[in-house]
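Take a look at this single chain in structure tokens; it is the form predicted alone.
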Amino acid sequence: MTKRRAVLAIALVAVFGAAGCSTKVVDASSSPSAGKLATGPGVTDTTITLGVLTDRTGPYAGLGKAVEQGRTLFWDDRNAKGGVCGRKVQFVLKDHGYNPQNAVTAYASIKDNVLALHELLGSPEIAALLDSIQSDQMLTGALSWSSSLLSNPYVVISGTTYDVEMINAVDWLVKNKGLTKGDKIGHIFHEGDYGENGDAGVVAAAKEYGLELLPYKIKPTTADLTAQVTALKSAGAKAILLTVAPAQTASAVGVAAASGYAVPFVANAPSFSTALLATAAKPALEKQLYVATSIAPFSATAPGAAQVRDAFVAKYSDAIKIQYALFGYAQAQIMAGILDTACKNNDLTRAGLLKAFQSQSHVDTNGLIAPLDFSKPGGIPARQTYILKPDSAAAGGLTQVQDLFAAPLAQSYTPSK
């Protein structure tokens, strides 16, 4: 998502544990094993302080607020039940406004006083801080899903990467929309890390299924996708993949619908915003667009999602309901599992946190996010996705079309270096 602040400002301003085992159990406070507990920055006898660098005033403010509400929902309950290691978990939150330089300044102001970053929102901000995160040994919960982040051992990617989302998207099109060997498919994507990571997955899937790929790389600031969609229609493309911003998704699908080009579109998760369902593009989106994501929709009926949704509605009855509230809760579950393991290892230092993180081989958030395996440094942590569909009648604006699945290629795929 690097280099796309300009279009995102338009598109999203309206938006909105045991080691080697499972972190599914999240309601019991942990305690250290016999022996002296080693502690690092941000850890006292009564508290564990974590950092949050998010967007409260920029284009991702709505998304950031939903994640914060999910996080608060989890930690309020967990702290009431004893917290972690007999300590309450608290946060130092800084608003970077989706500005990388602001994120660098905010990080510098808190890095010596926190044990880890519970959340760092935004690909540009993560890119600006990657070197510091590694040199400071700062375990960081990323709100980005690019395979390029896998090389940094301190970055926690909570979900399926953009390239694997696209592999699963193509597999789903083949199995559900009649694509066969030799058919043409299009991919419209951003230049830069976000779009090109999605394109890597489309390229791999097209080769696997014998499809002819027609790629169109665009600027993050491109507002009108008429030329690209018209060209794909003329070429006879039978489906189009999107790794773009929400406003561009609305343009592409709207152009297709207006010209009678009734092909399916499948988009990476950041390509869609529920705010689009309040625009003129709504009918076309509901008819032709699908979204590949490892995060359950807010409307999901699975027990885990339903339980969190009910608790969310009870606490935030007037809040905007989007799936990123579920993500915020799941991200908190993941961090709690890491902290629990570090506590049991008697090592609440940054080095101890990394060791605990890399021991998490079977992380189960009860369906909020696809199952995760963090035990292979540099490996993709999740390979399954849901297929969702825009639906203005559903809470959160998305309904589930396909349960979590991973294509055979998605299970074996390794990103190129």
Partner chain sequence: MTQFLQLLAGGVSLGAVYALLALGFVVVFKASDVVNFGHPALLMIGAYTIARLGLSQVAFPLAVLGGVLLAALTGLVVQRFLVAPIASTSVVTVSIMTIGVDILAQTEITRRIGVDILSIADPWGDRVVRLGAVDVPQARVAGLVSSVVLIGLFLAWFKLSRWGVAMRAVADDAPTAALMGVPRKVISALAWTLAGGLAAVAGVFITAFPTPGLQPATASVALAAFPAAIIGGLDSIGGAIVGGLVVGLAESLAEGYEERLSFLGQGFHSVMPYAVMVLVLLVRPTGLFGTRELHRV
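Treat the numbers as computed from the prediction; the structure is a model and nothing was measured. Numbering follows the first chain given and starts at 1.
Keep in mind the form predicted in complex with its partner chain is missing from the figure; the text below concerns it.
At a distance threshold of 4.5 angstroms between non-hydrogen atoms, F189 is in contact with its partner chain in the predicted bound form.
Taking non-hydrogen atoms only, S317 never approaches its partner chain to within 4.5 angstroms in the predicted bound form. Its partner chain in the predicted bound form comes within 4.5 Å of no heavy atom belonging to Q307.
Within 4.5 Å of any heavy atom of its partner chain in the predicted bound form lies no heavy atom of V313. Proximity to its partner chain in the predicted bound form, taken as a non-hydrogen atom within 4.5 angstroms, holds for one residue of V263, A269, V255, L211, which is V255.
This chain is displayed alone, yet in the predicted bound form one of N176, T301, Q90, T226 has a heavy atom within 4.5 Å of its partner chain; that residue is T226. No residue in the set K181, Q358 and S361 has a non-hydrogen atom no more than 4.5 Å from its partner chain in the predicted bound form.
Of the candidate stretches 165 to 173, 214 to 222, 327 to 335, 75 to 83, only 214 to 222 contains residues with a heavy atom within 4.5 Å of its partner chain in the predicted bound form. Of the residues in 254 to 292, those that come within 4.5 Å of its partner chain in the predicted bound form through at least one heavy atom are, in sequence order, G254, V255, A258, S259, S273, A275, L276, A278, T279, A280.
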